[in-house]
Ligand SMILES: Cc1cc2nc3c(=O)[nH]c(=O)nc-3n(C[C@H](O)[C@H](O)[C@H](O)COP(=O)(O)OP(=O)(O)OC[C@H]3O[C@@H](n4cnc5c(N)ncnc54)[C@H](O)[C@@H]3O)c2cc1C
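Read the single chain below, which is given as structure tokens and is the form predicted on its own.
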Amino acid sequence: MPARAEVVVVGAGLAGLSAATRLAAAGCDVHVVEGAGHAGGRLATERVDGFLVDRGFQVLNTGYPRVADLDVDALGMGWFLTGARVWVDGRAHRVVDPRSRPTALPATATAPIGSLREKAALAAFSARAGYLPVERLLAAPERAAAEALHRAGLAGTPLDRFLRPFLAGVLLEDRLETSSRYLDLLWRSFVRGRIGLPARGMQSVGEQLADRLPAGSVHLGCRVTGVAGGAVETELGRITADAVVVATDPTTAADLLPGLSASAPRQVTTHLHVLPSSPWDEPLLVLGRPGGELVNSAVLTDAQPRYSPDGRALVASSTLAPTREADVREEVARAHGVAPSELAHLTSVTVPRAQPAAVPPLELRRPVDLGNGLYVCGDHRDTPSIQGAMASGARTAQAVLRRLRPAGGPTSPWRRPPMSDGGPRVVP
């Protein structure tokens, strides 16, 4: 641990690493201090009986623009189909984006998630979110997501059977109080991208960014006890710096920076089970049924076989409220059409403070420069997502460089148009 650095980043999550890699590329002497034993922040993966277990049900969405900062091919991705399975009257029905699987069009067209008019309304909503300029999406009147969907002709059956459980698994709230502007941006990412899992788990996303930093500049297992403009106090001593970036979770950031408004009220519990083999022939999310505890369940190994050590199927099932495995075992079994006795419980993970809320009024670009050489970034400064974390890190790096490298330089990448600081181009 150095006694001095040009920039100290507190936190090795995606926001901090996005800031640090940009600063290092611009020639800054950057050191990252992280209290946990791994890089990646909330993207954490462990092995349990040989299976890869992420901290909660997490996926990488290539529809997020900042995913372009990653080498996705090097992550060895496995992909889910764009869509979901819906159980109605004892039968599972597929709802699949026909652009990714044209042969699924007849099944999707006849799936009991609404009338033909409501399905046309869903297609129109998707086209609007996916292809209108972002400026127009952000200029639309802001409402709660539930009201926006109702106005789009998607109340009743399509909302209850498809949209509510699908969105609850992403937003971590099922009342759909989230801002309609964030809903538009989020839906845009699903229309434009693919959903998948890296071969070595979600933690490998953060590790890929950390590997781009100079050797010895990421300090794991070192808790920060205080920050100020020009200094960071750690368990191992004090580091002085020209700039300090706080890139922790919202609760820790608020503790380190009195007066900062940041919180993460959403939570999720994920139960992991093992089956001898998958009951399905396609990698599709299974939506929870109205009135049940589950918001969704998925056979992770259908999309990414490397999550299993031996070919058995790994199932992840999520609830918004903290639940016991025994509370949901029968519901998980029904979701996959198997007997409860076939499910072997692997582990359960409850993630409190899993993500911030994005309720109206949506603040896409909250300040990152706090003055006096102190900065803050994280998904609580933009949107509650991987995109929001990485975009805020990019914005923060630009703010730091404006102070430390005001003149730029002929080879500086910061003389190009901003990568993610372009106003209305910001998406979740």
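Bear in mind that the values here come from a model prediction, so they are computed numbers and not experimental data. One-based numbering along the sequence shown.
Form predicted together with the named molecule: not shown, discussed below.
> Do T252 and the named molecule share at least one heavy atom pair within 4.5 Å in the predicted bound form?
Yes.
> With heavy atoms only and a cut-off of 4.5 Å, decide whether G373 touches the named molecule in the predicted bound form.
Outside the cut-off, so no.
> With the cut-off set at 4.5 Å between non-hydrogen atoms, does A389 touch the named molecule in the predicted bound form?
So A389 counts as contacting the named molecule.
> State yes or no: in the predicted bound form, is some non-hydrogen atom of V67 no more than 4.5 angstroms from a non-hydrogen atom of the named molecule?
Contact check for V67: no, nothing within 4.5 Å of the named molecule in the predicted bound form.
> Should the three residues E34, V351 and G378 be counted as contacting the named molecule in the predicted bound form, with contact defined as a heavy atom within 4.5 Å for each?
Answer is yes for this spot.
> Just one stretch in 22-30, 361-369, 399-407, 57-65 has heavy atoms within 4.5 Å of the named molecule in the predicted bound form, so which one is it?
Going through the listed ranges, the match is 57-65.
> Do any residues of 66-102 have a non-hydrogen atom within 4.5 angstroms of the named molecule in the predicted bound form? If so, which ones, in sequence order?
Contacting residues: none.
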